[in-house]
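Listed next as structure tokens is one chain, alone, in the form predicted alone.
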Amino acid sequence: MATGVSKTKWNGDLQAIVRDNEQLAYRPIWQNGNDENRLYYGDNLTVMNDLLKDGSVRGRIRLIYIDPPYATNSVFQTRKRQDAYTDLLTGEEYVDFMRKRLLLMKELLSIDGSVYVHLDNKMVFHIKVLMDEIFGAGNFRGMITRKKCKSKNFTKNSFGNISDYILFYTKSNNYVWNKQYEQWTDEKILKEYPFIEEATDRRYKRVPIHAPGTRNGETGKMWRGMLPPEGKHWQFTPDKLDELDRNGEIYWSSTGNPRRKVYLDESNGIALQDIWLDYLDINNQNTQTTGYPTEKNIDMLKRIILSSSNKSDLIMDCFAGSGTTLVAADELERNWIGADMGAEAIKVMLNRFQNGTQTLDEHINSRKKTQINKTASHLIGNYTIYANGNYSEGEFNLPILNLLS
């Protein structure tokens, strides 16, 4: 489970907790400067059912990322010991809870949209089967394994649990995809591109010019007096191979074995794989955080948003929590819709929009003055808050939170 304080006793009245009440009233909060940016306070089932009636939203959401409860049968608190949210649904109840919401998400997604669902090992395979049913097994694009924390040396009788998972599905085969890359390191460059071309000083590697599978067309024919190895075919037609050779892009070994030169300066970087080691949860005193439990790494959200959306696209996180998805979307010039049924989550997000984040050390020592991370402070200037049919407008300030109590 991600960093946070877990317990089984709620400080307040557990009878007041609504776990799956479709009739729960919600209260939307809009940013005046952008009609598409919306933050809803209420049960996301009710919110999404209402969004389905909105022609500007239904079928237009390009990307949904959610970090829902993990069926831990626990209650979570903020760093300042404020009750944040409950995670009490387990087993069939939990699967039914997720089914209702995933069905609505599918309807809200654009035909070229994607959905990412962040879970741990407790329910990820249950939800994988559920998402195969809802989105279609053929629209499963991968399961990302994320390293969530540093190694655990206290684990007994098992391997250290340091990973969680993100299920990635699309609504169709035609979906937005922007391939992401990691930058080359000096060590990897020397390993992957060990040769330097004398005439140009360009660094390169040598790769085979054949690929698996037999072909009956041009790529299966003879080139320079040789056929491709058995069970394989040329990666290019003989004419294209001749062109590459004329341009000096074919390396011939002393035994006459041809290889293609692939140059470092033509590489965009290292193609991103499905194991992510660089997005750990909050783990040191200097890390910026809201103090909300299970808050996710903002750079991880930016990677997802860059991969599966374009500028001005509409992003949704209906388990918005600390608002990381919304801030990441805003910084990347996307529009966003957020929802959460927790009053503490709404307070944390509105405070984040106004004042940014603090370091972990500052959350632990509350006597220290808040340090503002200005990258988020522009999200809300003027506001409109609708609560029980009444609304108030003006410059955003934290006392307005009494409307949410």
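Don't overthink the numbering: it's just position in the shown sequence, from 1. For clarity, every value in this text was computed on a predicted model and none was experimentally measured.
There is another form of the same protein, the form predicted together with a small molecule; it is not shown, and what comes next is about it.
Heavy atoms within 4.5 Å of the small molecule in the model of the complex belong, among the stretches 96-104, 329-337, 171-179, 140-148, to residues of 96-104.
Only one of 315, 109, 117, 320 comes within 4.5 Å of the small molecule in the model of the complex through a heavy atom, and that residue is 320. Among residues of the shown chain, residue 324 is one whose heavy atoms approach the small molecule to within 4.5 Å in the model of the complex. Residue contact with the small molecule in the model of the complex: residue 345 places a heavy atom within 4.5 Å of it. At the 4.5 Å threshold, heavy atoms of residue 341 reach the small molecule in the model of the complex.
Residue 294 belongs to the set of residues with a heavy atom inside 4.5 Å of the small molecule in the model of the complex.
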